[in-house]
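For reference, the chain that follows is the form predicted on its own, supplied as structure tokens.
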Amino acid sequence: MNEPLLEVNGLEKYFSIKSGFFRRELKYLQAVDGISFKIKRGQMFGLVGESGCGKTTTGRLLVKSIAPTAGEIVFNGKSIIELDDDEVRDFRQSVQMIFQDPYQSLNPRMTIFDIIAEPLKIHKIGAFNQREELVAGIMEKVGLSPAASFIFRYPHELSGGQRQRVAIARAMVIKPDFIVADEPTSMLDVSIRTQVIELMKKLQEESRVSYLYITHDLAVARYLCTEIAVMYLGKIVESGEIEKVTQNPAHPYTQALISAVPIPDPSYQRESIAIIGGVSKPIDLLPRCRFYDRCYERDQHCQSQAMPDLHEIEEQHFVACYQR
């Protein structure tokens, strides 16, 4: 359990943007800017933050759907950036992704059977009758039961919750070692959301697959994950064991996120922390703290110094803040 399955070191992803007169001025969108973390085998690791903070880009980098600008990603002891064609094929079999939108991530022209069986076909796993058994088995596990009543349907014939179960089945059918789940419940009805969260928790416990669970909801992260990293404008500002981060948040951004989580007890009063403005675009940012413009504890030192590094404030609890 203590051996890391995946290690991320100094990971960066910059996108070039041309602007100005005749689009000659070159700027850079710093989507991911020098982040590092580890995910253990069998662990559910949470990546938390508002939209536009670089969470999805991080997920796409980890599954090798886009190439990093700099940094290192080590999976099962090998750098995925340096893999040859055969190694990439093996890597793709070990790593899968569950996307946020169950309406856009499924091919509308394919039946449910073909969608779930596609990874088996691509990786040449089993004969046709074996694939039928594997697909039927995973469909039963994700709650698409009886499987015979779903396999010949098309995505438009299913509800949003059922479509996301199909996406989960497609990711799980080849028994991967690692899954990136990119806000898999954010577009579902509230009544369905809990069911899908419970399903993912159950499947993770049964299969011991490792997850990077991307979410903007700290309450969901606390329920599912053992460790989290809080991300803001391409940087990790706080990380550590889930209970330490949520019970004793150190960074002003984490404190503001936690203050926004609703509590189902009308008698409990919690101080609301208001932060200034919204998430800006990470284009050619100043070297100072990324949260400076919105921080309620900023001072002159924060303005004049470079972005602070993560430092340990207690065992397994790290923060990037000059005030801590």
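Since we're looking at a predicted model, the values are computed, not measured. Residue positions are given as counts along the sequence shown, with the first one as 1.
Another form, the form predicted together with a small molecule, is not on view; read the next lines as being about it.
- Residue contact with the small molecule in the model of the complex: D284 places no heavy atom within 4.5 Å of it.
- Interface membership of G46, defined by any non-hydrogen atom within 4.5 Å of the small molecule in the model of the complex, is ruled out.
- Residue contact with the small molecule in the model of the complex: L29 places a heavy atom within 4.5 Å of it.
- Under a 4.5 angstroms non-hydrogen atom cutoff, the small molecule in the model of the complex has Q100 among its neighbouring residues.
- The partner is absent here; in the model of the complex, the one residue of T57, T69, S36, Q255 having a heavy atom within 4.5 Å of the small molecule is T57.
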